[in-house]
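Next up is one chain by itself, shown in structure tokens, the form predicted on its own.
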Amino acid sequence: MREKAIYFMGTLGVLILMRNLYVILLQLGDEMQQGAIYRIFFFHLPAATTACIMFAIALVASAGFLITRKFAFDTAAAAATEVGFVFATMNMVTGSIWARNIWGIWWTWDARLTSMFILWLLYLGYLIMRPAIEEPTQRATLSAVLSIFAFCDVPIVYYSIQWWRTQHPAPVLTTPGAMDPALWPPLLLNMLAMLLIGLTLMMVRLRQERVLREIDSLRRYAHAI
């Protein structure tokens, strides 16, 4: 049943994305000021949204481990963090390409960009730390603490545009009239597609993490003998 769910979500996400690519690339016209490059927005924002959702899942799972000490929560947190990190990287790369065309530079220490870069570094640290700690309970505990700490930067990333003066444009999701109504359907569909793909990847990583945990347990048992 779980395998069918994985295949279904993955296939549905890919089909929606492929259909949406046709609309975005061939049916939508160029933007008056930005030209064709504005289409990168349909991948930039959904990638950020998916990353934040994955980090939120990791937050809940990390808290669950600290409360219950069940390793299933640690496994879920690790899987969600890995997938979230991939989408966060996608968000930063597409943002840099967009900035190069609009601002004339690849990067600027804007409040939104800087806070997002710090978030990326925090979760990179999480991924580097896990394989460096061999003892499972200690690894899971420290990972959970770091995951909760790292998530504190997510609201800072979101509200940075409101708290500080910034080059980054206002958020279209909460700013009335910030985007042409005709652009909402492909944007929302891309958000759905990326979320489905993200959840699929997370479930695949969950299975891999469980297998690795079983192998690690058998290895420790063999060493004890």
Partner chain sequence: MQTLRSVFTVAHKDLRSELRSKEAINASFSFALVILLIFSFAFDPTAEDTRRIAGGLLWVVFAFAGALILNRSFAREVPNDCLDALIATPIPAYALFLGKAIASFLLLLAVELVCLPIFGIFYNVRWAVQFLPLLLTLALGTWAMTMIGTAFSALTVNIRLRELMLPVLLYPVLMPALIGAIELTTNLLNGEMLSGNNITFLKLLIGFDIIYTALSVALIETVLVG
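Positions refer to the first chain, counted from 1. As the structure is a prediction and not an experimental result, all values here were calculated from the model.
As for the form predicted together with its partner chain, it is not shown, yet the points below apply to it.
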Each of Leu66, Met129 and Val157 near its partner chain in the predicted complex, meaning some heavy atom within 4.5 Å? yes
Mark Glu82 yes when one of its heavy atoms lies within 4.5 Å of a heavy atom of its partner chain in the predicted complex, and no otherwise. no
Can Phe149 be called a contact residue for its partner chain in the predicted complex at 4.5 Å between heavy atoms? yes
With heavy atoms only and a cut-off of 4.5 Å, decide whether Trp163 touches its partner chain in the predicted complex. yes
Even though its partner chain is not shown here, does Leu142 get within 4.5 Å of it in the predicted complex, heavy atoms only? yes
How does the CA gap of Ala47 and Tyr158 change in the predicted complex versus this form, closer or farther, if it moves 3 angstroms or more? farther
The CA atoms of Tyr123 and Ile161 move 3 Å or more in the predicted complex, ending up closer
